[in-house]
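The same protein chain appears twice below, in two forms, each given on its own as structure tokens and labelled structure 1 and structure 2.
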Structure 1
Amino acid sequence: MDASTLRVGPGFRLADADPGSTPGFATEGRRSPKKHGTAELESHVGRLAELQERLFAASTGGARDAVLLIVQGMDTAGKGGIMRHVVGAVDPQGVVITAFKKPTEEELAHDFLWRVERRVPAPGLIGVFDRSHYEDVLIGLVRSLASDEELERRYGAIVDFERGLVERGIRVVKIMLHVGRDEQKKRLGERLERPDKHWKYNPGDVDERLLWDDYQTAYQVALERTSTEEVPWNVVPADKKWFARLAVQQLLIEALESIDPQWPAADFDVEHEKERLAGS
């Protein structure tokens, strides 16, 4: 698939993005796009695995590159599925997932970027943020947890922070999983129907849902203010889970390909070691 259509550029309007669409994925002549999409996801697992291993290997030779995947979205948008089916297909030794929850007392005592900076991936690793510093401008705006002035400061601080990451060799991939309002209702309903899904449901989810339009506005502003040439946002239609997973996998692969990590050269005398091994 072609993921470039997902990039947020000037003039982007979230309200015009269809959560049920599959942009960049050829559906013509395919009776079951889902089947094709799922097969494509599976077929790229090996490529992603090799790129991840190269990234890790390169870091043992001194390379500083890393990848940071930031995943945002409304409740039920499919963040967990991305973790299981896209990130979960990568060697777990090379991945560090951080799920950002409501900030602790200690975290609130620091600037909003403090807890995020501590979870930036080390060289060779793929860091994954399940929610992120963007909550501080999204909930911040919707729930008026921060003044307009403070929100302005935060948009700027985020852009600076992410530019700094890029300068340190970190490819930042920002994903908004764009689920539709009706689809969310359906998914929350499923959690209420099934006793084995009750633990995933929180009455607060409906409270947030009642602020749907406010959240869409907050996302629109955040996308406008923080989608840059260096670190663009990608809005991924998420009503079709198979499509969202395929799109995120593709964006992750492209980030790794842009690094093009190489196996490091041996820092020892290979022939000499072969002799030592033979005599051991």
Structure 2
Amino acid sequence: MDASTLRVGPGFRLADADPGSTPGFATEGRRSPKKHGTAELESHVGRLAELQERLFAASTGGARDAVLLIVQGMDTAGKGGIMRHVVGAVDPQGVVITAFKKPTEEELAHDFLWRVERRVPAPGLIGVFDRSHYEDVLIGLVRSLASDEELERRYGAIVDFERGLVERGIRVVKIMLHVGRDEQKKRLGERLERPDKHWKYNPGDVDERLLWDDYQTAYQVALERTSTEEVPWNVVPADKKWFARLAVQQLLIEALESIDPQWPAADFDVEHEKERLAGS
């Protein structure tokens, strides 16, 4: 699929993005797009795993590259599915997942980016933020937890912070999983109907849902203020789970291919070691 269709550019309007669409994925002539999309997702697992292993291996030879995948979205947008079906397909030793929760007292004593900086991936790793520093501008705006002046400062701080990550050799892939309001209601209803899903249901999700329009506005502002040439946002329609997973997988592969990590050269005499092994 062509993931470039997901990138946020000048004039982008979230209200015009169809959460049920499949941009960049050809559906013409396909009787079952879901079947084809799921098959394509599976066919790329090996490529993603190889690139991740090369990234990790290259770091043992001194390479400084890393990848940071930032995943944002409303409740039920499918973040968990991304973790299982996309990120979960690679060697867990090379991945560090951080699910940012409500800040602790210690974290609140520092600037909002303090706890984020501590979770930036080291060379050779794929870091994943399940929610992120963007909560501090999204909820901050919707719940009026920060003044207009402070929000403006945070937008600027985020842009500077992410630019600094790029300068350090970290490819940043920002994803907004764009789920529709009706689809979210359906998914929350499914959690209530199934006892095995009750643990995933939070009554607070309905409280947040009542602020749907406010959150859409907050996302629009965040996209406008922090989608840069160095670190653009990608808005991924999420009503079709198979498409969202395929899109994120493709964006992750593209980031790794742009690094093109190489296997490090052996720091020993290979032929001599073969002889020694044969005689052992």
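Along the sequence of structure 1, residues get numbers from 1 upward. Throughout, rigid core stands for the largest set of C-alpha atoms superposing within 1.5 Å between the two forms. Keep in mind it's a predicted model, so treat the numbers as computed, not measured.
Visitor: If only one of the two is the form predicted in complex with a further copy of the same chain, which is it?
Guide: Between the two, the form predicted in complex with a further copy of the same chain is shown as structure 1, not structure 2.
Visitor: Once the core is aligned, does R7 move its Cα by at least 2 Å between the two structures?
Guide: Stays below the 2 Å threshold, so no.
Visitor: After a core superposition, would you say D269 shifts its C-alpha by at least 2 Å between the two structures?
Guide: Comparing the forms between the two structures, which are aligned on their rigid core, D269 does shift its C-alpha by 2 Å or more.
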